[in-house]
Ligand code: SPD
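Just the one chain here, the form predicted on its own, laid out as structure tokens.
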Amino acid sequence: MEKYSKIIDGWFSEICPMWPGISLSLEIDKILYSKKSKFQQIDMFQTKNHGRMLVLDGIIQLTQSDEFAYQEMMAHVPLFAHPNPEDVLVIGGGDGGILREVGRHDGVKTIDFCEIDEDVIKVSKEFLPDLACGFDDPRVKIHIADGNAFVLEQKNKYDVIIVDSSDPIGPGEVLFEQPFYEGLKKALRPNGVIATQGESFFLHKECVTNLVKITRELFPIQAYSNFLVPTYPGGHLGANLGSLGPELKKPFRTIPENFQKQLKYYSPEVHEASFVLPYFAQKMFEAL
């Protein structure tokens, strides 16, 4: 185990300098995979009560018990905010969960997927087939590349871009900086929408406010959606959204009944409610 975690008496504990004084611990039954790739340490655990758990460089990426909350909100909030998303780019998220959710939208014609670490995809296909099924969609084209460099090569190409990044430590750090967001904007078509992993305003106030500030400077419309994910530190996370046209806080399209029945977290009501912020967060963003 490297960097930000340790295993003691059958308990995995995430200890990260991004949230000092806090440790998130889960009881594990078995280590299913543990190997260092070219970019990072990859670990897969069978937990006692939360299914399988993917960990990168000691930081929890997901557990099977609650991954749906993150995947659904990161994908469906921007996709339903857009009037007609046809071409979509997903950066990061080698587990395939975001792809699984994007694939539920029949109107989407192409899904470009960019991931820097091919080993994450391989491990997820072996141990997380319920997420990695997203790679089976024939509309998906996989690009093994640095997300920042890939975006700079795209111009006026996508209706929606979703950035499923890890935390701003290691290979994901560049995805939290202004030049990357400038690249995202240029890669969008008119009326395009971006959604990026926005950390937690409880634990990462400086990081969150920086992302919000960057997005406000570049996009005419910006909003921050927040939602619950119990097995992330603090149990909370956000999506930082920017739009070149569509309003973000209400779904533009009606969700079909058979579509809604496939989901566990997202709904039109949850879409709108996710933008209602605690008073301290509201004031924090107003002060920018």
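Note that residue numbering begins at 1 and tracks the sequence as displayed. None of the values given here were measured: they were computed from a predicted structure.
Another form, the form predicted together with this ligand, is not on view; read the next lines as being about it.
Asks: Given that the partner is absent here, does Gln71 sit within 4.5 Å of this ligand in the model of the complex, heavy atoms only?
Replies: Because a heavy atom of Gln71 falls inside 4.5 Å of this ligand in the model of the complex, the answer is yes.
Asks: Give a yes or no for Pro233: in the model of the complex, does one of its heavy atoms lie within 4.5 Å of a heavy atom belonging to this ligand?
Replies: Residue-level check for Pro233: yes, a contact with this ligand.
Asks: Give a yes/no on whether Leu62 approaches this ligand to within 4.5 Å in the model of the complex, heavy atoms considered.
Replies: Leu62 belongs to the contact set for this ligand.
Asks: Please determine whether Asn148 contacts this ligand in the model of the complex, using a 4.5 Å cut-off between heavy atoms.
Replies: Asn148 lies outside the contact set for this ligand.
Asks: Given the stretches 137 to 145, 214 to 222, 187 to 195, 157 to 165, which is the single one in contact with this ligand in the model of the complex, using a heavy atom cutoff of 4.5 Å?
Replies: Stretch with heavy atoms near the partner: 157 to 165.
Asks: Only one of Tyr265, Trp11, Phe275, Trp19 gets a heavy atom within 4.5 Å of this ligand in the model of the complex. Which one?
Replies: Contact check passes for Trp19.
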